[in-house]
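Encoded as structure tokens, the following chain is the form predicted on its own, with no partner shown.
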Amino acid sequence: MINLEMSEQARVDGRTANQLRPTLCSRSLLERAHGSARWQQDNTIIMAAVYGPKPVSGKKEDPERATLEVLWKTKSGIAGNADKEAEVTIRRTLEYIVLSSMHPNTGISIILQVVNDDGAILACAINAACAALVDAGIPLTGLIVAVSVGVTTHGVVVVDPTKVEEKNFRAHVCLVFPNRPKCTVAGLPAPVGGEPAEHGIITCVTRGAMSVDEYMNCLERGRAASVKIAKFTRTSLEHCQRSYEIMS
């Protein structure tokens, strides 16, 4: 059960437990990339660039589908094990929505540059990658939305944590949900067990230890927050589309 009194307590930056940071998304910023997006949640900023579909050869060539490659670039220094793990997580997440069978014998590269990390970096990167894929015109089964949720040492569940909060949390989790209302392919999957398709989970990455009840609370809070991010994403896409039509 959610403790409403605790959930309304202000955090260090003044937000309540359920409050997201200000979010911005800009597209088509890189001239040489086929698609690009800059995703910002307050001081956490990711720049994503998409190249392809482009011809590949050797082990990367697949006669049945396009191969997906994700490269993570840190703000400074050499990428470590955590960065390599992020590459694998994001690639597997994006493979869920990319219609790779439409471009066999090709490759699609997604470059993710960390401009600044102030928490929830994996969720921001996934949102940036999805926006860049849309900007590149890559065929997708639908959109996705990622959100980070944490558990404090006192058991309070909060969304969209900062870097300082993550360091002091007992656990935090990155959740990725389908953003189905703007699916690019007709015919959505039927409800499973009476639950709408958009309530499914695509990816879940947990750091630290939490109880089952805390995880379910994180899931509930994350799903509610994802609705807000999904609405922002769709509004941003529609705005970009209108701008493109005006320029054309």
Partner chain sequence: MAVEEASGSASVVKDVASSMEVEAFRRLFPLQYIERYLDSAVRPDGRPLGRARPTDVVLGQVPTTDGSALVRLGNTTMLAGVKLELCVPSAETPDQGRIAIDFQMPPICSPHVRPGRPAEDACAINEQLSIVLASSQLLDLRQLSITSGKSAWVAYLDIYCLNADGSLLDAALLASAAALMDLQIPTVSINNDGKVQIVSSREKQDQPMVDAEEGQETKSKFVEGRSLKLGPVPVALTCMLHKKHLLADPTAEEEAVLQTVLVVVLDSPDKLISLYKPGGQVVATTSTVMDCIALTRLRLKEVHSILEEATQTHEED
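Only a predicted model underlies this, so the values are computations on that prediction, with no experimental measurement involved. Positions refer to the first chain, counted from 1.
Quick note: we don't show the form predicted in complex with its partner chain, though the next part is all about it.
**Q** Is Lys163 part of the interface with its partner chain in the predicted bound form - any heavy atom within 4.5 Å?
**A** The answer is no: Lys163 has no heavy atom within 4.5 Å of its partner chain.
**Q** Evaluate Ser211 for contact with its partner chain in the predicted bound form, applying a 4.5 angstroms cut-off between non-hydrogen atoms, and reply yes or no.
**A** Within the cut-off, so yes.
**Q** With the partner left out of view, is Arg92 within 4.5 angstroms of its partner chain in the predicted bound form by any non-hydrogen atom?
**A** Yes - in the predicted bound form, heavy atoms of Arg92 and its partner chain come within 4.5 Å of each other.
**Q** Indicate whether its partner chain has at least one heavy atom within 4.5 Å of a heavy atom of Lys84 in the predicted bound form.
**A** Contact check for Lys84: yes, within 4.5 Å of its partner chain in the predicted bound form.
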